[in-house]
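First, one chain by itself: the form predicted on its own, in structure tokens.
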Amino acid sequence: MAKYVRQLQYLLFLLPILAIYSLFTIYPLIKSFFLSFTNFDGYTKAYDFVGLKNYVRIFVDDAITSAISYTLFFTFGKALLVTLLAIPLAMILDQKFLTRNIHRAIFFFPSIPSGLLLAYIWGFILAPISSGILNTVLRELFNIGPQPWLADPLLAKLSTIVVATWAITGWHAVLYLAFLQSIPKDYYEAASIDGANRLQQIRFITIPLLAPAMTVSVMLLLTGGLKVFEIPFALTKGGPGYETYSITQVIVQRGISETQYGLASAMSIVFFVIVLAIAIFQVTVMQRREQGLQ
């Protein structure tokens, strides 16, 4: 009897959180799913059911298909670059040297300001005219003419990935650093006694024991990357053409600027399914990888 009373107490404490979560997450999701089958414009109460028309439009609209393509390219490109840079950076910051804490703060700092602010600053650096800071450096040091960093389709995509990677690598390095510091030093001492060099220690001790951190880091990178908005919007406004249009930017534009709330709701539902599918697939695969490494 006491067990059931205690469980009932737990449930009572959870009720306020469940109510808030349902109000701000579950209800809007259900409402969006309902409106995705209508021509609701977001302002008037009169609307009609249009069936799957909004879902069909998603795959025949060039701006939307381009946004899906760019968002996936940005997400996986940033996740790959950040992972490749954050792990070595965490290993370096884990070493004992005089300015270690200062360097940790320096690398972590770019993750504090908003992405919008950072992107505006990088807009001056990557300005595609000769007055851009990067173009000026290239001209003075290597006599290279101005490059259209934000005007060329491929360069614009790569520039947004580089800026996002620069902004968030330090944060993920700190995540890996926390896991690195939890690895017992005895493992490395035993490996050294057995004759293992530094690279072998990294391969057989560090990387396997960092697998849980990698699962968390990659999941955050993928889900965060799929929701990207600030950096591409501030740098390129989605251009040139639709080359750096993100899914969230299209949803906002279709729903608010063009008063096609029904279409925007349908895009939100598709977007939700894409994020959910990628997150489940990534976590499942990487957890199996963890088990294999152990």
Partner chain sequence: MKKTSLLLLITVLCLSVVLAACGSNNKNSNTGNTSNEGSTNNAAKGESEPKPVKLSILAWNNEKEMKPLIDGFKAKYPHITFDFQFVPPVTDYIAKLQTMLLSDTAPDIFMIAAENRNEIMDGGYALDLTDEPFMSVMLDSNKSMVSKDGRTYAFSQSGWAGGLFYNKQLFQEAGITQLPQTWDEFIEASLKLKEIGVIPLYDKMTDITIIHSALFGSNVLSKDPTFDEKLFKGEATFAEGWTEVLTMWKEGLIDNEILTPDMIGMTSDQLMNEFALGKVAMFPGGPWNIGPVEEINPDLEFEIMSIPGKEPGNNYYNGAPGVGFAVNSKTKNKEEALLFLEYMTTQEGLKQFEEGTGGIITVHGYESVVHPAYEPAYRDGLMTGKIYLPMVSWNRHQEALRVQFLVSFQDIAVNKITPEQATASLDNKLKEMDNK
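Numbering follows the first chain given and starts at 1. Source: prediction; values computed, not measured.
Omitted here: the form predicted together with its partner chain. The next part is about that form.
Residue 148 belongs to the set of residues with a heavy atom inside 4.5 Å of its partner chain in the predicted complex. Using a 4.5 Å cutoff between non-hydrogen atoms, residue 240 counts as a contact of its partner chain in the predicted complex. At a distance threshold of 4.5 angstroms between non-hydrogen atoms, residue 59 is out of contact with its partner chain in the predicted complex.
Of the heavy atoms in residue 259, some are within 4.5 Å of its partner chain in the predicted complex. Using a 4.5 angstroms heavy atom cutoff to its partner chain in the predicted complex, none of 70, 187 and 289 count as contacting. Judged by heavy atoms within 4.5 Å of its partner chain in the predicted complex, the contact stretch among the candidates 168 to 176, 118 to 126, 92 to 100, 70 to 78 is 118 to 126. Although its partner chain is not shown here, in the predicted complex the stretch 163 to 201 places no heavy atom of any residue within 4.5 Å of it.
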